[in-house]
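Presented below, as structure tokens, is a lone chain in the form predicted alone.
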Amino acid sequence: MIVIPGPSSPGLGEKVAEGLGVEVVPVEHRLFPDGESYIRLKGSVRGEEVVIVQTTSPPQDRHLIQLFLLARTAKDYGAEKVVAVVPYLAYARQDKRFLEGEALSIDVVIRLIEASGVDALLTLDIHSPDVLERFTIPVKSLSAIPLIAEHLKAKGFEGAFSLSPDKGAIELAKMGDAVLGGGYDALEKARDRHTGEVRTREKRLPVEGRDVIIFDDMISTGGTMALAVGLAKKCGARRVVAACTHPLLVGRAVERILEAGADEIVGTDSVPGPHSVVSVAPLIVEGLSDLL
């Protein structure tokens, strides 16, 4: 077995290789002057089971193309099997047509992944679990929420109240509560399909003088999380942590969440960045056991 740390996940790829006790094949990569990606494997993969670790966080399109190039090149050079570890799977939110003429973007991404030579795929906290059923190759999504909760428990948040910013993510709050043990609940939100504007219905939460952890699969612009943070603080929460598996944190997301009253933002290295304080490498190593 060999691990190929992709250009978007070099640190995570190295940790996964270390956890598996295997060697890595380095990748030479650069951009041509016109923006196209150059990829070269700097080692042999012939006859090997190859694990490519490549998240597809922004710039999503570039990282997806690099994933396709890595998988196809590994197969061209004799890899016996290619397993793609894609911690954050781009376009998974575009899984339905809400308006006439919309693209089913995730379906296109899935077909391209399969056509590039990927034999199995592992991802984390995919936004819409139903997407997994659209693959024709073995695929699974694991949750990093228990890892995040354990991290926060070790930092003194045992007994904190676990909250999800909408009912669709209540399972994340349940997983957080299984570790923290302070109870859980979910807010209700509505999103305008044309403008993308999010509104959260206010409710009274039993968090007066307590710590609150708001769990979500991802934080993108921070709008939804900021509304949840603001409501928790309005209900008297002492400390509020915004926690997610995928800290995309685009634009003013960090400022928006902190201005709403959050004390801390905690994410994983599924998306590398300053708030990626929890490593998902152990989870990936464990999850690969039945895909190889």
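Model, not experiment: these values are computed from the prediction. Each residue number is its position in the shown sequence, starting from 1.
Separately, the form predicted in complex with a small molecule exists; it is not shown, and the next lines address it.
Asks: Within a 4.5 Å heavy atom cut-off, is residue 166 in contact with the small molecule in the predicted bound form?
Replies: Yes, residue 166 sits close enough to the small molecule in the predicted bound form that at least one of its heavy atoms falls within 4.5 Å.
Asks: Counting only non-hydrogen atoms and a 4.5 angstroms cut-off, does residue 140 reach the small molecule in the predicted bound form?
Replies: Contact check for residue 140: no, nothing within 4.5 Å of the small molecule in the predicted bound form.
Asks: Even though the small molecule is not shown here, does residue 179 get within 4.5 Å of it in the predicted bound form, heavy atoms only?
Replies: Answer no; every heavy atom of residue 179 is more than 4.5 Å from the small molecule in the predicted bound form.
Asks: Just to confirm, residue 93 within 4.5 Å of the small molecule in the predicted bound form by heavy atoms?
Replies: Residue 93: yes, in contact with the small molecule in the predicted bound form.
Asks: Tell me, out of 214, 74, 124, 219, which residue has a non-hydrogen atom within 4.5 angstroms of the small molecule in the predicted bound form.
Replies: Spelling it out, the residue with a heavy atom inside the cut-off is 219.
Asks: Just one of 49 to 57, 235 to 243, 219 to 227, 260 to 268 has residues with a heavy atom within 4.5 Å of the small molecule in the predicted bound form, so point it out.
Replies: Answer to the contact question: 219 to 227.
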